[in-house]
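Single chain ahead, by itself, as structure tokens, in the form predicted alone.
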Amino acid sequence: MTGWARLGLGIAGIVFACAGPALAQAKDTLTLGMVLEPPGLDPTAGAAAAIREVVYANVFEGLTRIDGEGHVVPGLAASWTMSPDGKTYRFALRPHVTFHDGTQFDCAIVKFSFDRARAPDSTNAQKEIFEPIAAIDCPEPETAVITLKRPDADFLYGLGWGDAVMVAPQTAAQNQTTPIGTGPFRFTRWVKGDRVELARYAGYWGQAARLSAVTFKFIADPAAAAAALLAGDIDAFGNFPAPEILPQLRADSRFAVVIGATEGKTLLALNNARKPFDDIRVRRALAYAIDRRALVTATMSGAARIIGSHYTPNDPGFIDLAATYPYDPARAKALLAEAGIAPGTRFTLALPPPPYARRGGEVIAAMLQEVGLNVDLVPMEWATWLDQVFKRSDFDMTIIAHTEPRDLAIYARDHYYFNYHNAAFQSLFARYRETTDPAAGIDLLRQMQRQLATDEPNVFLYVLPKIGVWNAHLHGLWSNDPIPANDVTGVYWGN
């Protein structure tokens, strides 16, 4: 085992002895563990995946929704039709839907929600979903007609994201702390630093939830998370943070261990607007300097797929570009020298709280030191990272998993935190958004992946696996994460 592979494995011996009493079988409540506490609870006003992991589908719903297999299915819109030119969508809204405070859902809510999301002062993290909208009309309360400026191949898919859920005018402003949606669970309490509690909503329009209450428990430390699971204090972890003990858990009949796929494209993100990361030779040198296979072994116990662009095997048109920058320290040194980067040059690496980032930072710093670069690790709390790195682009490098699905759009934005600008890529993306030919769309998706691999605006590392661990008597949790979510609407206890 290399020195890199030993990093981050210290908890395995700690938790093996923590097995607790048999987990309860006959119950209708759920305590689900999460690593990160969300900074707020309004998915239309923040980028953190942890927001959606609590409220998506459970508390808030959109016109469409993304199911556990990544398919677009009806949500608050029971059905829809599209005009032949791909520019007009007519949604048939479900009747008799109310928000948790009794507010009636209708087309006026749709118009308010989308107008709010696309307003100039909107804080929605995915405003490009709504940019194509030219008009929203309400010919009757249970019909919404949305006209686009141009065809948009991803429009219905985008409406299924957490950023596009329905919110009511009277309560939208308070959703950050006391969310009120139309879902099968209503918010009851948020104990900051510890948990969020939901309860079954008796007035839900659809099939009632089988769980009476759900608690999302926040445990950032992997050792503490493992101990809580083994002791029976936690019923499930949708994304378990301690892969080192999976052999122990697989051997324990109390647990189901399910390894699935996510959209979590894990990057060494680089500030392309800050020297020397504006130099493609430096970005490529960093890519050659990182042994991604060793990184995956050290941080994810090998349970992750290496990628070479900002796309995952789950997505249409995926091409495997993982071999674009093979591990080659000599080539990395040569490119750094060519770019005028002297040995001993020092950079900072901002590390948000997730274990993949903290552990990965140690491994990557060691690898970059081998090619002559010194890296100062800067651990950050989530709120600090969101403000300093994501909002203000004040960073050199950071490690982060982008969990939004099919999100190549972020590389076409005028501004995004890593500051990539390429007219060729923007042209490819604009053509993709407007195409109505599926084959042409796939070809454009592949061209965009290759363009990113060529430019290497970020070092593309691997796709986060979904490491699900839960009580063997628990059913209905997602095996895969096509979007950031802990959808518990169909979860139940059984044999």
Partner chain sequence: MRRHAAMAVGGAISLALLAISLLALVWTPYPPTAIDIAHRLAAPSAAHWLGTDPLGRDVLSVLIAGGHNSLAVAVVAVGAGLVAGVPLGLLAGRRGGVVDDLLMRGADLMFAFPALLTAVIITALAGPGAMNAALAIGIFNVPVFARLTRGATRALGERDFVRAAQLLGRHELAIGRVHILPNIAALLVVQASTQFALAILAEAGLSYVGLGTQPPAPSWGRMLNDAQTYIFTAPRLAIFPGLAIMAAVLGLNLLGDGLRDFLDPRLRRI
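In this text, the rigid core denotes the largest set of C-alpha atoms whose superposition between the two forms falls within 1.5 Å. Residue numbers count along the first chain shown, from 1. Everything quoted here is computed from the prediction, not taken from an experiment.
The form predicted together with the partner chain is left out here; the points below concern that form.
Residues in which of 258-266, 393-401, 216-224, 318-326 have heavy atoms within 4.5 Å of the partner chain in the predicted bound form? Result for this chain: 216-224.
Quick check on residue 294: any heavy atom within 4.5 Å of the partner chain in the predicted bound form? So residue 294 counts as contacting the partner chain.
Quick one: is residue 171 in contact with the partner chain in the predicted bound form, heavy atoms, 4.5 Å cut-off? Looking in the predicted bound form, residue contacts with the partner chain do not include residue 171, since no heavy atom lies within 4.5 Å.
The partner chain contact at residue 377 in the predicted bound form, heavy atom, 4.5 Å: Heavy-atom contact with the partner chain at 4.5 Å: present for residue 377.
May I ask you to state whether residue 366 is within 4.5 Å of the partner chain in the predicted bound form, using heavy atom distances? Yes, residue 366 is a contact residue.
Give me the residue from 362, 407, 197, 106 that has a heavy atom within 4.5 Å of the partner chain in the predicted bound form. Only one listed residue qualifies here, and that residue is 362.
Which of these residues, 144, 304, 245, 389, gets a heavy atom within 4.5 Å of the partner chain in the predicted bound form? Exactly one listed residue reaches within 4.5 Å, namely 245.
With the partner left out here, which residues of 228-243 have a non-hydrogen atom within 4.5 Å of the partner chain in the predicted bound form? The stretch touches the partner through 230 alone.
Tell me whether residue 240 is among the residues that move between the shown form and the other one (Cα shift of 2 angstroms or more, core superposed). Superposed on the core, residue 240 moves its C-alpha less than 2 Å between the shown form and the other one.
2 Å or more on the CA of residue 327 between the shown form and the other one, with the rigid core superposed, yes or no? Yes.
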